[in-house]
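Okay, here we've got a single chain as structure tokens, the form predicted alone, with questions on binding and movement later.
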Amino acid sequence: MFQKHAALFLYAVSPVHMGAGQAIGVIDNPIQRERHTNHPCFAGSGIKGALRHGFAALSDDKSLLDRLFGPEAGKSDLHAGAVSVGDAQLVAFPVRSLKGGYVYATCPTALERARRLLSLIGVQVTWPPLPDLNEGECLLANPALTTKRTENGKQASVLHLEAFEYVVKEEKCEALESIGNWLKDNALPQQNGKDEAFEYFRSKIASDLVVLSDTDFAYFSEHATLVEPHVRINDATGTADDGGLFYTENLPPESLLVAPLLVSRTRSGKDDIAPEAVMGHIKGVIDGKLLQIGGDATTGRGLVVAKVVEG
């Protein structure tokens, strides 16, 4: 049984390829997705591996590694680790916008799933309920993102995302402002009250968080990822191999996901560490730090910043 709980926010600062294996579709190397929503996700096993790797690289006390995460297979003193990480679900996804460069798009289902997860691990949030939303509509907290359009003699505010236009139901939604400010204060790193490196993005997620309908958001989360062509070069000829062209999908930078982080006392049988101390060790090492997750690490993929919010 796990005695301490926390939310682990992961904010992508580079494309992230958490691969799902080869596929028979247009994209040869797709990213992991939830079966029921088709939203991009990170498997908990991959996150735990990244945390272990990050802890090994950043911690000054390497003797804690096996006690917190469990020993490597094949060792004689096998025991369970004290750290468990669940799958990370999507909270906000960057989408190109006519105004403001890009917005942090989300949807009612993604926000309510995040609210439920935070509640289950003891993180109390006071997000007001959002107004009902139909397909083709959106909620904004920043009126500067809108464009005015006149139709049948009436003026309407619209939001342009990529090639699509959405009717603005509320251009300064107070409930959405509250959610954006909570994410600004909790989901992105800050240090000593203010970290200059993240201040722009903290302010932007508070102002440019946009709610689309579940259906409209699902389109972008599936079709607005970063797809890169790769070509295998023949070492002998220096030219592309026949059949060497393949496509790899990445989660775009500025995506935000959240996962549950659970800990128990260590179970090595000697000098066991209390769950409060285990959480303290994990948070002290990775909170606000850059981690590498997923594949293609040598090409700069998979850089995420971790933020731990305790329940």
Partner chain sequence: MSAHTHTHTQTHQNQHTRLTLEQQRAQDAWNKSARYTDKHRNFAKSMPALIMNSGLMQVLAFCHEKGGEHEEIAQDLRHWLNRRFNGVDKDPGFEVFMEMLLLAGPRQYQMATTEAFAWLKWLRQMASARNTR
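What you see is a predicted model; the values in this text were computed from it and never measured. Numbering follows the first chain given and starts at 1.
Below: the form predicted together with its partner chain, not depicted.
Of the listed positions (75, 116, 148, 223), a single one reaches within 4.5 angstroms of its partner chain by any non-hydrogen atom in the model of the complex, namely 223.
With the partner omitted here, the residue from 132, 174, 135, 235 that has a non-hydrogen atom within 4.5 angstroms of its partner chain in the model of the complex is 135. The closest non-hydrogen atom of residue 102 lies beyond 4.5 Å of its partner chain in the model of the complex. Taking non-hydrogen atoms only, residue 112 never approaches its partner chain to within 4.5 angstroms in the model of the complex. Contact between residue 68 and its partner chain in the model of the complex is not found at the 4.5 Å heavy atom cutoff. Proximity of residue 219 to its partner chain in the model of the complex: non-hydrogen atoms within 4.5 Å are present. The stretch among 264-272, 43-51, 60-68, 243-251 whose residues place heavy atoms within 4.5 Å of its partner chain in the model of the complex is 243-251. In the model of the complex, its partner chain lies beyond 4.5 angstroms of every heavy atom of every residue of 297-311.
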